[in-house]
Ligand code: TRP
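Below sits a lone chain in structure tokens, taken as the form predicted on its own.
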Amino acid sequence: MRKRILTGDRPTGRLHLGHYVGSLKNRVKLQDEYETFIMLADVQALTDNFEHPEKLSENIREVVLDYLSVGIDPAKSTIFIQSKIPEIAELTVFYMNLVTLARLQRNPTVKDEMKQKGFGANVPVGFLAYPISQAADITFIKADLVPVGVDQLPMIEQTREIVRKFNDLYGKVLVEPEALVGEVERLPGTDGRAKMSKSLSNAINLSDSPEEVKKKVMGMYTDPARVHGDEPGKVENNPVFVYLKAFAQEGQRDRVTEYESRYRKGTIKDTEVKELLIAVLEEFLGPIRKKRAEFEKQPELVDKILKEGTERVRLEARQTLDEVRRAMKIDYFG
């Protein structure tokens, strides 16, 4: 049997180039090697959207369209909605007894995200406890591997701790997952910040029009110390060149190398480099945009993919929960 992978996204809006280099590209490749499950984590998205939950329905479909447009194949990858699997919530409640508040508060990923969001003492319980929910997400499908970036390793370790404690107490039922850490390239934002993010409005979406791409690229930060185009500039950590390296196709790479050399010497303007990036991104995004438009005309197909994927996963979830209840000796009626 092939090993199982669980991965997914919080449906908070359309996906961007950072999502592609960080996860989507790898998922397309992995779906041929592993039994792949992709979760739309709408329950986790509610930690940021609890005042406007109606946004999630539209966002879910936008994310699925992005999946399909980059090459995720529903015949190879099972796409499902988290909130439609109530067994995940039940497992979360059981796992809460296996984790202390102090342990949650020590989780480095949670600490960092709490700081970024400025919760202070007003952190919602749902946010603080989401590592427990994430453990339920991973274990209900008995995933062997979870693709993550290095910053998410503490979350996987927390899941592994929960699995070990459960199996020690009740017998070996759950699979202890491994983190699958790839060489994830993090794209900086168009504003020069360390990370591209929807919430920071510094992202180029996979579905952006040619006009939107051009506008965003022409407004991108480059080398802040370079005032004029005839001055030597830095290529390293320059967002425009980072994007060029990430998306240039085989026939474009020599030109990128040439532009890097000229930029270091001060014989090329920022505008020229950005014009090359626009051409590179158009070659990359054009086919994705076209494929997305085809799926946008088939809303019933998107619904069918979600419904069938969720139904398949629900059967798996019921089986796992039955095993968990038997192990805990709370399957009262057999």
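Owing to the predicted nature of the structure, the values given are computational and were not obtained by experimental measurement. Start at 1 with the first residue shown and count on from there. In this text, rigid core is short for the largest set of C-alphas that superpose within 1.5 Å between two forms.
Note that the form predicted in complex with this ligand isn't included here; everything after this is about it.
Interface residue among 252, 152, 107, 222 relative to this ligand in the predicted bound form, by the heavy atom within 4.5 Å criterion: 152. 148 is the sole member of 148, 128, 242, 173 with a non-hydrogen atom within 4.5 Å of this ligand in the predicted bound form. With respect to this ligand in the predicted bound form, the three residues 38, 78 and 306 uniformly fall beyond 4.5 angstroms at the level of their nearest heavy atom. Only one of 92 to 100, 254 to 262, 202 to 210, 131 to 139 lies within 4.5 Å of this ligand in the predicted bound form by heavy atoms, and it is 131 to 139.
With a 4.5 Å cutoff on heavy atoms, residue 316 does not count as touching this ligand in the predicted bound form; it lies far away. When this ligand is considered in the predicted bound form, residue 44 lines it closely, a heavy atom lying within 4.5 Å. Taking the partner from the other structure, this ligand in the predicted bound form has no heavy atom within 4.5 Å of any heavy atom of residue 16. Under a 4.5 angstroms non-hydrogen atom cutoff, this ligand in the predicted bound form lacks residue 323 among its neighbouring residues. Contacts with this ligand in the predicted bound form, taken as any heavy atom within 4.5 Å, map to no residue of 280 to 315. Once you line up the core between this form and the one not shown, the Cα of residue 235 stays within less than 2 Å of where it was. Core-superposed comparison between this form and the one not shown: the C-alpha position of residue 126 differs by less than 2 Å. Core-superposed comparison between this form and the one not shown: the Cα of residue 256 travels less than 2 Å.
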